[in-house]
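Taking the form predicted alone, here's one chain by itself in structure tokens.
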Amino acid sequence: MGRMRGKGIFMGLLAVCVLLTAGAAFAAGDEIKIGACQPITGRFAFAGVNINAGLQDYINYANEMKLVKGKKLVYIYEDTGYDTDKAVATFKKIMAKDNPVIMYGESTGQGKAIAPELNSRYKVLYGSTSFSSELADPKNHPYSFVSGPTYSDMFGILLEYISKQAKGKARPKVAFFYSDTEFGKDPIPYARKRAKELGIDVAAEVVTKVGAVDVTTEVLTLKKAQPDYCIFQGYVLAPIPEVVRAAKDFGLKTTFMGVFWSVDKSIIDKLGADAEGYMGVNPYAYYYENAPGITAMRKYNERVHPNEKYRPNSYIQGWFTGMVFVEAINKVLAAKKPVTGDNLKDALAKIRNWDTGGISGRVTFVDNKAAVGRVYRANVKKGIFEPVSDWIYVK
């Protein structure tokens, strides 16, 4: 009797163990891990905090809405302080500990530094804060992608807009005003070529240090060239306000333009009345626009973060990148394949004419980027940027 009772207890414990083991395996199989090296501190923290919040919020939103059927997305992130060496070490640490199938990086520098091991060892889908043309090269960076257009594409969108405005008039003159950095110089060779193709004269190229304060010499160069448009690249704020104000003081009628990092609403706040007429290209809609995807984002924030009344472009970049991750995962699952870096990479290339609910234009990934954006103009009275074009697609 005692032996039979002991045997019963043993069998019962065994059954519990089997159930627990099966449950644990099922739970592990249900999880899809997404790792991120985020610049939450350091000189890029102004954007990194918001990118991290946007990406994390979208992953939570996707879990709530069960956007990946039968799976739970798990977000793992660490602060890198916008330090490439630390970011590379953080990447390896997360890969060793959690082995995610998707990683998000803090910069162009990190993307280039990890590329050899990403291609040969880790082989996970890799997105980042960067719009670098180099990281969108599928030959050398097959696992990387850009969450929208590259800087070259953004110049292409602005130049196409300029070309259309000048239709039937004299050849427009444009100046390129950029920082002496990799960030600043990235799109310039393409921009020169594209301007020539579109019949636009490059009247001047002005190069400065990042954050330059005394821009008198540079503005005098613009005064001599008298460009109709001047496009900034490689800056977030300084020296853009200084150049715009000095140009007005010198009587220039030039229209100033920026790309993603310099068309945030904060530049209107910084420039005040001098922002009137300032323009730029944004791959995403603004937080205040009435598009279904943006409305869903606002409602999520109203419910989960009631104190957050506005979200900047960098938050929307993080949210949009989360959408891309989910779209790629669902394509892999629909094909009944395992969710691996290789399959996610292949799925990204199959995203075609994707409706993002107006957060961006219709998205098609070609060469690991989605070359679409819209041109906006500052309305100082309203304190916002307003669209002056439809979504523009470039190749």
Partner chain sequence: MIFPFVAGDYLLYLANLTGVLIIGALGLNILTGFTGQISLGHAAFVGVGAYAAAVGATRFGLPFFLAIPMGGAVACAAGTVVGVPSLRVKGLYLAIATLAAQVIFEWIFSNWDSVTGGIRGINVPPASLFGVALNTDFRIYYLIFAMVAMFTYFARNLFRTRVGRAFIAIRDRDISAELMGINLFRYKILSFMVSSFYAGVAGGVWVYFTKVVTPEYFPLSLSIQFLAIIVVGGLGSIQGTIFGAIFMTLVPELLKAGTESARAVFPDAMSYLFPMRDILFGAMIVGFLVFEPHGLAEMWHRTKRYFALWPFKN
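This is a predicted model, so every value here is computed, not measured. Positions refer to the first chain, counted from 1.
Note that the form predicted together with the partner chain isn't included here; everything after this is about it.
Participant: Counting non-hydrogen atoms within 4.5 angstroms of the partner chain in the predicted complex, say which of 269, 214, 308, 85 makes the cut.
Facilitator: Result of the distance check: 85.
Participant: Would you kindly say which of 117, 197, 249, 205 lies with a heavy atom within 4.5 Å of the partner chain in the predicted complex?
Facilitator: Of the listed residues, the single hit is 117.
Participant: Do heavy atoms from each of 101, 104 and 144 fall within 4.5 Å of the partner chain in the predicted complex?
Facilitator: Per the other structure, none of 101, 104 and 144 touch the partner chain.
Participant: Give a yes/no on whether residue 63 approaches the partner chain to within 4.5 Å in the predicted complex, heavy atoms considered.
Facilitator: So residue 63 does not count as contacting the partner chain.
Participant: Residue-level question: is residue 253 within 4.5 Å of the partner chain in the predicted complex, judged on heavy atoms?
Facilitator: Because no heavy atom of residue 253 falls inside 4.5 Å of the partner chain in the predicted complex, the answer is no.
Participant: Would you check, heavy atoms only and a 4.5 Å threshold, whether residue 90 touches the partner chain in the predicted complex?
Facilitator: Contact check for residue 90: yes, within 4.5 Å of the partner chain in the predicted complex.
Participant: Using 4.5 Å between non-hydrogen atoms, is residue 133 touching the partner chain in the predicted complex?
Facilitator: Close contact exists here: in the predicted complex, residue 133 approaches the partner chain to within 4.5 Å, heavy atoms only.
Participant: Looking at heavy atoms inside 4.5 Å, which stretch does the partner chain contact in the predicted complex, given the options 317-325, 168-176, 238-246, 70-78?
Facilitator: Only one stretch qualifies here: 70-78.
Participant: Who in 168-206 is close to the partner chain in the predicted complex, meaning a heavy atom within 4.5 Å?
Facilitator: Heavy-atom contacts within 4.5 Å come from 180, 181, 182, 185, 186.
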